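One chain comes next, on its own, written as structure tokens: the form predicted on its own.
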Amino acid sequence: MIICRTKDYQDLSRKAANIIRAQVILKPDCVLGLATGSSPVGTYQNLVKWYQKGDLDFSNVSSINLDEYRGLRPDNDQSYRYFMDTNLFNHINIDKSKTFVPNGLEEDSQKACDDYDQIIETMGGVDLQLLGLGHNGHIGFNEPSEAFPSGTHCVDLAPSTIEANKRFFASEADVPRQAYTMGIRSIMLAKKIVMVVSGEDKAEILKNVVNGPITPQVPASVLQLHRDVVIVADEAALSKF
């Protein structure tokens, strides 16, 4: 595990984007595992900027997203498909037919999960997985639990996750209570993992992730077992190291 210390969020975003840029340049037909939320927005902005300058070509890249709210249409402005379109896909030359997000409208949760695992397998896995870090240590929507979930699954969102996400909705009541998420095993099978962490409010959980015991109560702690993890974090997030 490598920790890349950055000055602030802008510096963090440039450095994380640089790692992704190197992956795309070295393997133009790579499979990127992508994340949503506030943490990777700056990373995506840098990738868009470099594409617009002619420094990057995404025409052969495929992507697999970590998760999607259950019950939201892709055109809902709070869906993660909408997030990816507006923050990245609409601004680069990626083939959208090769960008995958769990089907939040599939009512049969087992089918939705099995279908997504099949997509991941068909794609040959993920070359580089981008992650954020939840306040309770979740990655994707893998919440603290008694065991590390393996494949894609439907999860009941923890109260802390609902609280963190309510700022994106009109009210807390509008926040979906369930989501489909890639499992820990799928994440850990990625060849390389980059986790971006910003802000003093993430300092305690980041310390637990890196230095604490490996436990499903802190899902991201499992990253200690991965052979190629880079944590890109700003000084505030690393203030307890």
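What you are looking at is a predicted structure, and each value in this text was computed from that prediction instead of being measured. Residue numbers here begin at 1 and follow the sequence given.
The next section is about a form of this same protein that is not shown, the form predicted together with fructose -6-phosphate (F6R).
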Using a 4.5 Å heavy atom cut-off, indicate which stretch of 114-122, 100-108, 152-160, 129-137 touches fructose -6-phosphate (F6R) in the predicted bound form.
-> 129-137
Quick one: is Arg167 in contact with fructose -6-phosphate (F6R) in the predicted bound form, heavy atoms, 4.5 Å cut-off?
-> yes
Could you confirm whether Thr36 comes within 4.5 Å of fructose -6-phosphate (F6R) in the predicted bound form, counting heavy atoms only?
-> yes
Quick one: does Arg70 come within 4.5 Å of fructose -6-phosphate (F6R) in the predicted bound form, counting heavy atoms only?
-> no
Kindly confirm or deny that Leu66, Tyr80 and Lys202 each have some heavy atom within 4.5 angstroms of fructose -6-phosphate (F6R) in the predicted bound form.
-> yes
